Structure formats: structure tokens, C-alpha cells
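Before any questions on binding or motion, here is one chain by itself as C-alpha cells, the form predicted on its own.
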Amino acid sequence: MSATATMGDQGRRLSGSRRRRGGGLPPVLLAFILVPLLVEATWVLWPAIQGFYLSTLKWDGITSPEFVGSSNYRAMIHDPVFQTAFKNTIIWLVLFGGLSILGGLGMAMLLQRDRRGVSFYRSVLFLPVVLSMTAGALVWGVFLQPDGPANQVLKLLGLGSFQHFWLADPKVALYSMTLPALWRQIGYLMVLFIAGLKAIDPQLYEAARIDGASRWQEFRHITIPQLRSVNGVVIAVTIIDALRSFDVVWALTRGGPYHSTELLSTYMYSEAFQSRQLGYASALAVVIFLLASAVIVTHLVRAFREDSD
């Protein structure tokens, strides 16, 4: 009887000791988790929730807000400026996003190998990332003026028929602004792709060459699949950057002429701080959030399905 009780006490002490060793996280580790979570909830999640609430109000920021339900969203359907901004945002997402990914991958393929002078070219391409986009856009604004270097170069090359009022012609203004935006984004994506390319095992290429694979086959069957994890990051970053593009458009055209370069981000800003329609601007912000979420979730679902196959 006594031996049984002693064994029971030892078992309870051992169990309690195991719980003390395995139960709960160390306080320092717990602080590293909870503090960033609290900061994120205070400065990101709570304002986002407030944004959803503000989108149901009619409010100029001064007088008392009035609850209008889904009125702001229904007003968008009949708003021609919103329709133009939404269409331009989709064009910008495809054009800016697609060209920046292709350009970043192309530059990474050219500059991935450590050769003499390659660091200089990498630095030149990455330099726009550390510069202010607004300052860079103002320089590009001078370059794209009617009597600026762009038209002068075309004239010297005998291509005078291609001269345009690049930022004043509604037909080409949106496309002209992709050049300054790409100037900055390609260097950033190049760095991400170079990191991914350097992680690929060189033996895969050696084995492919022994089997007689061409450069295109190596790129298609080795490089692209091996970059799958990097591609996910690049696509997510590019989508977010495309949808929040504001500085380059605002510095060059402010959404004009005649709203031909208006994006959802610039329209949201003008509605909030120029027209003082904070409720309508919040509804535009919700649309941007939903658009970004839909594109990213669609891509992630497709990526997971390819991984599972």
C-alpha cells in the first residue's frame, strides 16, 4: 500500500515536471510574438476595420457623420470617374505588373553570374529603388515634355511622326507613366530574382546539357519551376505595388487630363482630401482592398494546386 502511494506521488511529480518543462512559451518568446501582434492590431487591423465602417457613412470630416449603408457603393456603379479609374487600374495592374516581372527576370538572367563589372550594372539598376519616386517622377516629367529629350531623340532618329504630348494626350498619357514606374520596380524585382537564381543547384543545368537540352528548355523546365517560391513573393509584391501606385501618377498628371490617368488610389485621395467625401473615399479603399485580395488569393490557390499535383 505504501509502495503504491509512493509510486503515485512520484508519477504526479514527474507529470508536473513535464508540464512545467513543456507547457507554455518562454516569456521572452511570448513577448516577441505578442508585441508585434499588438502593434499590428493597433496600427493596421483596427484602422482597416474603421475603414469598412467609414465606407457606410456620409461624412465630410467636420460635421456629424450620417449612416447611409451601401449608398456609397451603389453610387460607384453610376460614377463615370470611378469606372474610368477602375478600368485604368486593371490596365495598370496588367501592364505595369507584367512588364516589371518580365524586365526584372530578364535583368536577373543577364546579371546573375559574377563577372567583371557586373556589380556596377546591378547597382545602377537598383539605384532608383532608394531614390524618392516623387523626385524621380519630376525628372521624368521634364524628359516627357513636348520639347523634352524624348521627342528630341525621336526627331534626331528620323522618327518625328512618333512625337507626342506624352503626358497631355489622353490616349497615351497612362502608358507614358509606366516608364517611370518600371524604372524603379525592375531593379527591385531583379534583386529578388537573382537571389532565387543563385539558389538553383548548378548540377541540374549540367545534367540537362548532357541530355542535349537547349537554353529555352533549360529555362522552361528548370529555371521557371525552381523559381516557383520566388515567383509567389514577386507576384504578391507587384500586385500590391501596382494597386497602391500613387506618387508617380500624382507627381506627373494628378489623374488628368480629363481623368485619363486616374487610378483608384488617386481618385480615393482626391475624394478624401479635395472633395472631402471621406465616406466615399473609404468605399474606394475597400474596393482596392477587395481587388488586391481577390488577385492574390486566386494566385495562391492556383500555386497550391500546382504544388499538390
Partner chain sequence: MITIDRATEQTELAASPALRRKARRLRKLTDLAFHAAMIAICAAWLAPVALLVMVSVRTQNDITGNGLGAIPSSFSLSSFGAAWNEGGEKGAIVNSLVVAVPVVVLELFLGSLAAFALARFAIPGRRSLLLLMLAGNLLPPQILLIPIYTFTQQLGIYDTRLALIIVQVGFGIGFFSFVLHGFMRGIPRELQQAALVDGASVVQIYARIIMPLTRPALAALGALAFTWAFNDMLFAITVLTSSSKMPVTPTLLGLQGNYVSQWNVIAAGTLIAAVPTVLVFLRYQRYFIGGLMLGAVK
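Numbering follows the first chain given and starts at 1. Fair warning: this is a prediction, and the values are worked out from it, not measured in the lab.
Quick note: we don't show the form predicted in complex with the partner chain, though the next part is all about it.
Partner contact region in the predicted complex: 123-131, out of 123-131, 74-82, 216-224, 90-98, criterion any non-hydrogen atom within 4.5 Å of the partner chain.
Proximity to the partner chain in the predicted complex holds for none of Gly69, Tyr175 and Ile235, with the criterion being a heavy atom within 4.5 Å. Mapping the unseen interface onto this chain, Phe32 counts among the residues with a heavy atom inside 4.5 Å of the partner chain in the predicted complex. Taking non-hydrogen atoms only, Gln152 approaches the partner chain to within 4.5 angstroms in the predicted complex. Proximity of Arg254 to the partner chain in the predicted complex falls within the 4.5 Å heavy atom cutoff. Not displayed here, the partner chain is kept clear of Pro65 by more than 4.5 Å at the level of heavy atoms in the predicted complex.
In the predicted complex, the partner chain lies within 4.5 angstroms of at least one heavy atom of each of the following residues of 110-147: Leu110, Leu111, Arg115, Arg116, Val118, Tyr121, Ser123, Val124, Leu125, Phe126, Leu127, Pro128, Val130, Leu131, Ser132, Thr134, Ala135, Leu138, Val139, Trp140, Gly141, Val142, Phe143, Gln145, Asp147, in sequence order.
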